[in-house]
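Shown below, as structure tokens, is a lone chain in the form predicted on its own; questions about how it binds or moves come after it.
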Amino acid sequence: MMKLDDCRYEGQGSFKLSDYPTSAKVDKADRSHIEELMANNIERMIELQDKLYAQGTEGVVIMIQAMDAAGKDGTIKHVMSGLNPQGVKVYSFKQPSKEELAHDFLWRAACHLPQRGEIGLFNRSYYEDVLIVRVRGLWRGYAMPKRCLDMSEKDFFDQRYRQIVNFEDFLYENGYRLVKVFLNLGLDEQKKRFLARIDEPAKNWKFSAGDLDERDLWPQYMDAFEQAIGATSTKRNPWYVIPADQKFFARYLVSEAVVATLAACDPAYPQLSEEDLAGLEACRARLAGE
């Protein structure tokens, strides 16, 4: 069975998206066992999150990138289901507002970072600025000085990759750990899911004709993902390329990545000083005397 390490890319060697399958081809008979393993991971996450929140020294940011219908929303719903919402901040990166476009492309991400001790969950992220922005050529229309735009597409995005790596190093060096997930969906599986959204009334709301326009650009998006992942993966901040054709297994692997990251934080409940412990005993005596 595929392991999380099979999906992890730390920047070693050249990255080829074709080296990572869209399906782990897990036997459906094993589904209940996989879901049991995921349930155990959720219990572990609950324990680790409680300590992370109490300690308040490290923050965790989980970023999920994918093509439409890859299961971003379902992954968020199922993997994070048991966490205390008090310590989780969720932000969905939609089309940038006028205010956001007036700032640098990392600004809105910085605005929505969780406090240390909390978990931030980004549905899409600042990586949209090297994905759809690249595929659609939107960068050429940015309200930026000529010196920032008067270059080739390759030079522009190489610059952005460098800025992203520097930003992620900055976060790591200031107490944050990132979980960068790409849900690697197959083209045929996306077609099946789009048809289900059209054919099943309860799923109609999920479908937009614009999704097909993006599907027409599949090769360009795969190239953009390949370049972005290859250029921004580091040992500190690796990417996890998760096979997404089988939702239950994709969610399990994402839960593995989250547990591994929380465990690496090694959170612990704060230890009270002798003076504070003495204060607690005094409070106990006061309560007992009422």
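Counting begins at 1, following the sequence as shown. Everything numeric in this text was worked out from a predicted model, so none of it was measured.
Note that the form predicted together with adenosine-5'-triphosphate (ATP) isn't included here; everything after this is about it.
Screening 83 to 91, 120 to 128, 147 to 155, 179 to 187 for residues having heavy atoms within 4.5 Å of adenosine-5'-triphosphate (ATP) in the model of the complex returns a single hit, 120 to 128. Residue contact with adenosine-5'-triphosphate (ATP) in the model of the complex: residue 245 places no heavy atom within 4.5 Å of it.
Contact annotation for residue 132: at least one heavy atom lies within 4.5 Å of adenosine-5'-triphosphate (ATP) in the model of the complex. The shortest heavy atom separation between residue 95 and adenosine-5'-triphosphate (ATP) in the model of the complex is within 4.5 Å.
With a 4.5 Å cutoff on heavy atoms, residue 73 counts as touching adenosine-5'-triphosphate (ATP) in the model of the complex. This chain appears without its partner; in the model of the complex, the one residue of 110, 138, 165, 217 with a heavy atom within 4.5 Å of adenosine-5'-triphosphate (ATP) is 138. Of the listed positions (68, 58, 226, 256), a single one reaches within 4.5 angstroms of adenosine-5'-triphosphate (ATP) by any non-hydrogen atom in the model of the complex, namely 68.
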